[in-house]
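For reference, the chain that follows is the form predicted alone, supplied as structure tokens.
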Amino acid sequence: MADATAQIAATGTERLTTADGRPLKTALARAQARARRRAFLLVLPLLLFIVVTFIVPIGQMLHRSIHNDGFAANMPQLTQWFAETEPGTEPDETAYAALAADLKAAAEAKTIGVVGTRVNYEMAGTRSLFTSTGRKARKFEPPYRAAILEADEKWANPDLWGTMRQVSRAYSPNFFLAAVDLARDNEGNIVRAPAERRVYVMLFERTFVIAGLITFLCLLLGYPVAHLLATLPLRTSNLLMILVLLPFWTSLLVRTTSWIVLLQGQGVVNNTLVATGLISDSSRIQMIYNQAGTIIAMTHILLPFMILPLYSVMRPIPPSYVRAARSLGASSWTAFRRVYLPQTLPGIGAGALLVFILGVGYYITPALVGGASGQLISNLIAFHMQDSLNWSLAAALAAVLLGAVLILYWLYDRLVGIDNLKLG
């Protein structure tokens, strides 16, 4: 009977029509399509904003990390000779003729500095060689090999020719190799970079270790604070929450420089320790311009990002759960470990992930209070962007950092689950 009723209702729906005679089912489908279009148009400005300010810059960064045509675009004849010969080929008169012609053309176009800078990224000290030889290039006459070597004997160095062969390709993974302290020899084999240039892996390790330590300290300090806020009456906790939110209303630069005043050798903390007799005036503690200064300042700055997710998870937990566990014979530690703590894991995961990701990308605080031992990989990225102007290497370093963070995010999803993440 029920099946017959359902069949009659379905048949009736198929036969229903609108006021203008169209089938009702078709009219409903069109209405749903219009609703979807309206919803898409509503989110279109946000989508365009994300694409323009986030997706496109990341794409440009990834492209910059593998592309640099500073040599290839300004030394076309020599680039062609490299393309037609095998790696390790001794430069002949044809190669020197191409070099002389390209040096002359680059000098006239005032791009010889660009060429020298591109080679200098791979082999230090070569930019001056290109600029000085470029000024003499218009006087070169055959035989070009003798003329160029007479201008500067460094052009006979096989390592230089091997480096020019590598940079003659506009697209190259060499910047990613440099970002992990690797390089290519004259035959194109991947080898470890010279000892004096192996700095990036060490900085990546330092960045992740310090970010992990800061995350642990934020959890250690933030968990009791969030628990206190969650268990106090709502009116009192709201008043205390102002103290947690207060740093967000203060400039990051002001907070960082305040720590310089507090932690420096003649600062408030050291003066207090000396005044109380805990340390002597000659043994003041160095707490700034080192890793300790970076860790202290960044822990203070990132602590609210741990407290807020924890508080949002702890607040809805009924206190009766722990009381019930205690009434059944569980100790305070057992009740906390087996009843309360598991319910706060989403907040712990959210706070830890948020603090860690912010920590690995911090720049201003390590630059101001870190000194030489407290610098992170973000500071070196900024150096290559602003000072050395090696944007391709900066992009490669940033891409490696982005990839490492995405891997950690993937591991978190596999081990804990993004569905369990709760930010508030």
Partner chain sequence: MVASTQDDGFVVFEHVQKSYDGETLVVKDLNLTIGQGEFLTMLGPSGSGKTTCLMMLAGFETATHGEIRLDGRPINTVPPHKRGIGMVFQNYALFPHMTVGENLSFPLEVRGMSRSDRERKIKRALDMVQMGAFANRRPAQLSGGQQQRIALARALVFDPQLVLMDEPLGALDKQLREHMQFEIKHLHESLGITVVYVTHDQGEALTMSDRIAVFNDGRIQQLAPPSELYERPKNSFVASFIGENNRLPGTVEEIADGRALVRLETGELIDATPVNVARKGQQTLVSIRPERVEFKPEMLPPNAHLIDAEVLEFIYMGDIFRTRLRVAGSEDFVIKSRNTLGQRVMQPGEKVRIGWAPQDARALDPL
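Everything quoted here is computed from the prediction, not taken from an experiment. Positions refer to the first chain, counted from 1.
One more form of this protein, predicted together with the partner chain, exists but is not displayed; see below.
- Although the partner is absent here, A325 sits close enough that one of its heavy atoms falls within 4.5 Å of the partner chain in the predicted complex.
- Put simply, P158 is far from the partner chain in the predicted complex: not one heavy atom of it is within 4.5 Å.
- When the partner chain is considered in the predicted complex, P233 lies well away from it, no heavy atom lying within 4.5 Å.
- In the predicted complex, the partner chain lies within 4.5 Å of some heavy atom of P342.
- For the options S128, T89, T334, Q286, the one in contact with the partner chain in the predicted complex, meaning a heavy atom within 4.5 Å, is T334.
- This chain is drawn without the partner chain; in the predicted complex, the residue among R192, K110, R138, R338 with a heavy atom within 4.5 Å of it is R338.
- With the partner omitted here, the stretch from 129 to 137, 112 to 120, 215 to 223, 317 to 325 that lies within 4.5 Å of the partner chain by heavy atoms in the predicted complex is 317 to 325.
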